[in-house]
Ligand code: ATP
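One chain comes next, on its own, written out as structure tokens in the form predicted on its own.
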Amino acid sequence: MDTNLKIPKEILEIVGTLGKAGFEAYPVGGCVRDLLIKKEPKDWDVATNARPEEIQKIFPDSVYENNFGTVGIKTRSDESSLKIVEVTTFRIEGGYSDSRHPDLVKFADNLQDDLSRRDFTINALALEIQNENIRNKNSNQKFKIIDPYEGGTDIKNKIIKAVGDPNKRFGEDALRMLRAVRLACQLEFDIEKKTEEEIRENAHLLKKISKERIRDEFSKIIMTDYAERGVRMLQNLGLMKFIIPELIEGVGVAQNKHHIYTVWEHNVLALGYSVAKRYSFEVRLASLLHDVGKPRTKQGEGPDSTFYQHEYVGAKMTRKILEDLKFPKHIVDYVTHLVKSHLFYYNVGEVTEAGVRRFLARVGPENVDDLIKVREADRIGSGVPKAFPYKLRHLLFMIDKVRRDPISPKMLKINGNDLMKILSIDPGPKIGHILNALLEEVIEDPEKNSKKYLEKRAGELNRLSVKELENLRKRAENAKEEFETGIEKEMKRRHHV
């Protein structure tokens, strides 16, 4: 098969230099696939019959830090994807007793053997560059596609198909099953029937794969434009129970008269909305997991069933899910916070400015935008027509109105050092109790946030014992207005959540 392709000059130089030294060299794998589907490759890989030590001799400014024959060649390119090009010696691999790593890697003498070990036909491709194309670096010349497994045909038919025996391919590296789903989502392809059957048969092998590798493939699926489809595929192929089994608990779990979908369907649709809006990775995860706690909190059946406290149960489950998948702490903490805080009540005319300030103090002003996005996804996943109703717009208006008002001790016109000087007391818990009491008053009335008033009020509070101040703090916590108790509790009862 011949085709007109444009190859970066850095790749032409590497292939040409290896050719002048008497070696074969071919761009291989995903970069060739991407060229054929008219997509700019993110990475370029070159396969050669030169051994690693020979590659290093030809390219002194290179790095070799593995046992798989891959040498990183540094270029002078300004393109990040071309600054280091991986050049790998043709190789064949022995058995995979752990379904993760080859027991033995042997260097091969020909390209055919190298392509035979690859995962899918659309990746078992190589590009033969003729000498005249290397000399004419800026021209679009004809290049020969080496395609022993008809990957080009599968690209035309939009098919993900394993090279050779899919059972063997997945036995070699079980992560390839996740990669099949990821490629199907990224490329809008379907998985070939036999390959699909073997994924179902071998799904259990994912238990042997490190959580970090699973996390990385799953994250790539979530960040595709077809993440909703990807999550459904993971479930249909039996893979999800080895990634996030807690999500499957929602399959077939009916909700109540305010939801037309099951818990599973609701969560997946919420993810789909976040993807369609191109929201961040964290918002997508939170949308998928926001109601993961519902099956474990369900009370009753039928249209009046309830899910009290599901946001708190779901937050605990979310933390465990993400920690098990080895996500970084900042992602674990943030997504957990969004899940925990996603269920809030706001009704125009019922919630005061003080209530909005308490809401901001609880969720953090910096988190409001993403929290609203999760709420939008939650609404669409419930089957309602509007993601952003007047109530949410009014809430944003109120938030903007009070955004500069004090909502934390740091925003008070007085601090702990001031209190110690004014009251002549030593550092201790009493300082924190007094600051919290002052903050409660200022949240109710921001006009009280003046140094004169706070100094006077601090003197009055100082006359109380530590125990009395603790009781004052507890009463303030128990009196959380609007968003926290009272109205919210009533609304949860009324709407069966």
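In case it trips you up, residue 1 is the first one in the sequence shown, and so on. Owing to the predicted nature of the structure, the values given are computational and were not obtained by experimental measurement.
Same protein, other form: the form predicted in complex with the named molecule, not shown, and the subject of what follows.
- In the predicted complex, every residue of the candidate spot (D119, R176 and R182) has a heavy atom lying within 4.5 Å of the named molecule.
- A heavy atom within 4.5 Å of the named molecule in the predicted complex is found for one listed residue only; from R463, K42, K452, K467, this is K42.
- This chain appears without its partner; in the predicted complex, the one residue of R379, H204, R213, R362 with a heavy atom within 4.5 Å of the named molecule is R213.
- Of the heavy atoms in H433, none are within 4.5 Å of the named molecule in the predicted complex.
- By the criterion of a heavy atom within 4.5 Å, P52 is excluded from the residues contacting the named molecule in the predicted complex.
- When contacts are judged by a 4.5 Å heavy atom cut-off, G29 counts as touching the named molecule in the predicted complex.
- When contacts are judged by a 4.5 Å heavy atom cut-off, N123 counts as touching the named molecule in the predicted complex.
- Of the candidate stretches 452-460, 58-66, 43-51, 434-442, only 43-51 has residues whose heavy atoms lie within 4.5 Å of the named molecule in the predicted complex.
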